[in-house]
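Take a look at this one chain, the form predicted alone, written out in structure tokens.
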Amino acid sequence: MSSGRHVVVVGAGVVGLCAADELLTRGFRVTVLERETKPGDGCSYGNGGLIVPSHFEPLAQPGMIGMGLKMLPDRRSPFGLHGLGSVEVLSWVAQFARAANAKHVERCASIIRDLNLISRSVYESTYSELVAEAGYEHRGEFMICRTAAKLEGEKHLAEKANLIGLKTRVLSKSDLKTEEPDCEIDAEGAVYFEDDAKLTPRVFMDGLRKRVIARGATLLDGAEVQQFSIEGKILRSVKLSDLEVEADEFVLAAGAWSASLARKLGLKVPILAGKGYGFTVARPPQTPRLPALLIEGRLAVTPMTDGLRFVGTMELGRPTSLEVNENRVEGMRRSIAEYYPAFRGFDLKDAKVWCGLRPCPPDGMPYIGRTSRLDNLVFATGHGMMGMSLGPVSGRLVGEILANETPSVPLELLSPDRYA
């Protein structure tokens, strides 16, 4: 047990709050710092609500560079890249290119699979009451393809998934109609990933925040870290605008802002912000039975407790702006109508648009673990588009690390020192 040691967790997204919850279970005294004055608009609240063992391949993989280059000229495409004139962005792109190879994908697949499966298990055990309120369902997900070429690619992914113990099934156009009888879909077919699940993020996050507070954690909102106090290899405190908070241990779970905070500590932890957009249609013309990924459109579609949610796009750059790019949003609307004929003529512009910044490492693997540079700092960040999926397992790993327990998964590929 912890003997009452004090831990400061920087970041109150799903990863930070799950870490706080696991630390409280182990007897630590916990303070959580949230940079926003009114939490509730970050990626942990506005994402697609998917738990995705199906996403066992990292974002850095063969073909991604070419795909991105093809999309760049189209302002309505799901991909954008900003800041190529900066050393930070150019360095990230070069690191991504080096990681985007078959060997890297093979090394990472089983770790990503295990992280997602453990996380799903934690949702269903530790957080069973919270996820029940959040409309949790473990019934799988469809990867829907409009073209035969994309369906063939998803079939190959399904074969790889089967080889590492995940359950899949290839669906023809007629099979998809049988699976979604009340939802007209203009597609060639789909692959069904049985291991995936879904929930409503905002409901879960509200419940998790209340749970952590009720269990004794101190949450400070509007607590943006200005500076750190370091003595040798020991981090002594974090300095806020009007307060200095000391602790025995620190956890950096600050999402897209983690890289800039790491620089203040003299550490190199490459992360770019991947801006994504989303909106919820409260009364859609049709609602699918299961969540789906629209492969060509690179969109997630999730039935939630408050309507049908669409989330997509990836605009990579530094975490400087939350301004909505209307061209990208219009591209999302166009893709929805291509897949779902019922939405052709349906006005999606009435749905309020959300945007958030995902923390994206160049090799597509999160940073979880201690750094050799500081003896009392643990990283739990860089989850890209899988923050909600990997939040519980990341929190579990933080608790295990600080309590000197054996980690649930090997941490070598997740080391925050891998770019040092």
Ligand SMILES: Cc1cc2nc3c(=O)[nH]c(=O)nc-3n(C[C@H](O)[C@H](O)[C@H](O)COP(=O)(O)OP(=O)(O)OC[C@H]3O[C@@H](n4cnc5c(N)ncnc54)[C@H](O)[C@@H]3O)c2cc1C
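Quick note: we count residues from 1 along the sequence shown, nothing fancier. Just so it is clear, the structure is predicted and the values come from calculations on it, not from any experiment.
Separately, the form predicted together with the named molecule exists; it is not shown, and the next lines address it.
- Listed residues 184, 224, 133, 88 were compared with the named molecule in the predicted bound form; 224 is the one with a heavy atom within 4.5 Å.
- In plain terms, the part of the chain that comes close to the named molecule in the predicted bound form, with a heavy atom within 4.5 Å, is 386 to 394 out of 369 to 377, 23 to 31, 386 to 394, 56 to 64.
- At a distance threshold of 4.5 angstroms between non-hydrogen atoms, residue 144 is out of contact with the named molecule in the predicted bound form.
- Mapping the unseen interface onto this chain, residue 254 counts among the residues with a heavy atom inside 4.5 Å of the named molecule in the predicted bound form.
- Taking the partner from the other structure, the named molecule in the predicted bound form has a heavy atom within 4.5 Å of a heavy atom of residue 312.
- Using a 4.5 angstroms threshold between heavy atoms, residue 364 stays clear of the named molecule in the predicted bound form.
- Counting a residue when any of its non-hydrogen atoms is within 4.5 Å of the named molecule in the predicted bound form, the hits in 37 to 54 run 43, 44, 47, 48, 49, 50.
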